[in-house]
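Taking the form predicted alone, here's one chain by itself in structure tokens.
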Amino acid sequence: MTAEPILALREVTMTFPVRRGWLSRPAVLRAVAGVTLDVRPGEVLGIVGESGCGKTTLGRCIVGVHPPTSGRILLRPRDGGPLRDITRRDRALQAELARDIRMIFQDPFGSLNPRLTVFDIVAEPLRVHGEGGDRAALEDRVAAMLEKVGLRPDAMRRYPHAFSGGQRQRIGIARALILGPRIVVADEAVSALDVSVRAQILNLLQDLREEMGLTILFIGHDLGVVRAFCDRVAVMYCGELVEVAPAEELFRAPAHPYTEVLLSAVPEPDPRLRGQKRRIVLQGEVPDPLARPSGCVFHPRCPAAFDRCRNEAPELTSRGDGRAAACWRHEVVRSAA
């Protein structure tokens, strides 16, 4: 039986006004276009796609940096009650949600204030929320969290410049988890790190997920990392969700042509199988977000497009086996099954 979602997105759309010149009329850029998605408690959900596909904007909508232009974001309370709408957040609700949903940033260098000690960086959320008590109590909580992320407690006396990239990311993780959140949005959290350090951080996140009961939204572009780390994967293209599936199923048999293109570019780790996989090279460019094509947004580049794709936009449709795809070709296969 599938667990009830801890977080649910319903037709979430995020638009930004754009001017192309002083005399031109304002245009509307749809960075996120009607995303509907359920996130299950305790899972790692990967969100992937090309740069500019809207995955980071979607993550920022979830944490409240960008209130969505339309649609709803629903969160299940800690007491397990029914989902409640958190889309429009007043000051009291924003403070409450800041405990439940936290973000780990991509850049371990730019995301830490170089003028603050590690203690001040990690303790800041506690101070903002009036927690932690006096200095000694704060130091105890910060020291415990630093140990949890693999750093010595005496690191709190030092400044960010004294640490390596992987250690700085551990500090960022400590800051994100110090309030005991239930959901963490990890936005390209390992992409700026060396391969060996990347594996250490992923192992740390996996351990913390099990220890703290975290639900993780893992935004990334390295599909090898996503396959190894995530339970399910959501694929975005031009602000839209085009496929959602369990990670192994998606990598084994993608249901959307765009997913096939992404997977064809993943290097084959087994040297015996290299050269057997055909790389799919798309023709044309990603559509202008200010002039989205009619019908399926992927059809101008899709090698399998037919007339219906050019005129009618498919909806994300469930296959009933935990998988869903927004593709008319997928619909034909599903109907014949």
Partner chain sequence: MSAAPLAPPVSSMADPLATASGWRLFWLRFRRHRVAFVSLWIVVALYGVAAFAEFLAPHPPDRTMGRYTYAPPQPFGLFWTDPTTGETAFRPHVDGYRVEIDPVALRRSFVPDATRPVDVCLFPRVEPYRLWGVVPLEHRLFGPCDPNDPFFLFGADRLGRDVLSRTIHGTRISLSVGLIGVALSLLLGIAIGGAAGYVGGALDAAVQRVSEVLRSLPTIPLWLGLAAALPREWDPLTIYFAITVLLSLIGWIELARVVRGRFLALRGEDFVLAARIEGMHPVRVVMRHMVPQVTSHVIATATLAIPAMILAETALSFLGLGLQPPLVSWGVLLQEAQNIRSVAAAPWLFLPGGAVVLAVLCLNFLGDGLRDAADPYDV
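Computed from a predicted structure; not experimentally measured. Numbering follows the first chain given and starts at 1.
We do not show the form predicted together with its partner chain, though everything after this point is about it.
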Next on the checklist: Each of A144, K148 and I173 within 4.5 Å of its partner chain in the model of the complex, by any heavy atom, yes or no?
Outcome noted: no
Checklist outcome for this item: Students should find that, of G110, G133, G213, P77, the residue having a non-hydrogen atom no more than 4.5 angstroms from its partner chain in the model of the complex is G110
Checklist entry - Given that its partner chain is left out here, which of C238, M103, A245, V242 has a heavy atom within 4.5 Å of it in the model of the complex? => result M103
Checklist entry - Does at least one non-hydrogen atom of V63 fall within 4.5 angstroms of its partner chain in the model of the complex? => result yes
Checklist entry - Is there any non-hydrogen atom of H161 lying within 4.5 Å of its partner chain in the model of the complex? => result yes
Checklist entry - Does at least one non-hydrogen atom of P114 fall within 4.5 angstroms of its partner chain in the model of the complex? => result yes
Next on the checklist: Is it the case that E124, even though its partner is missing from this view, gets within 4.5 Å of its partner chain in the model of the complex, heavy atoms only?
Outcome noted: yes
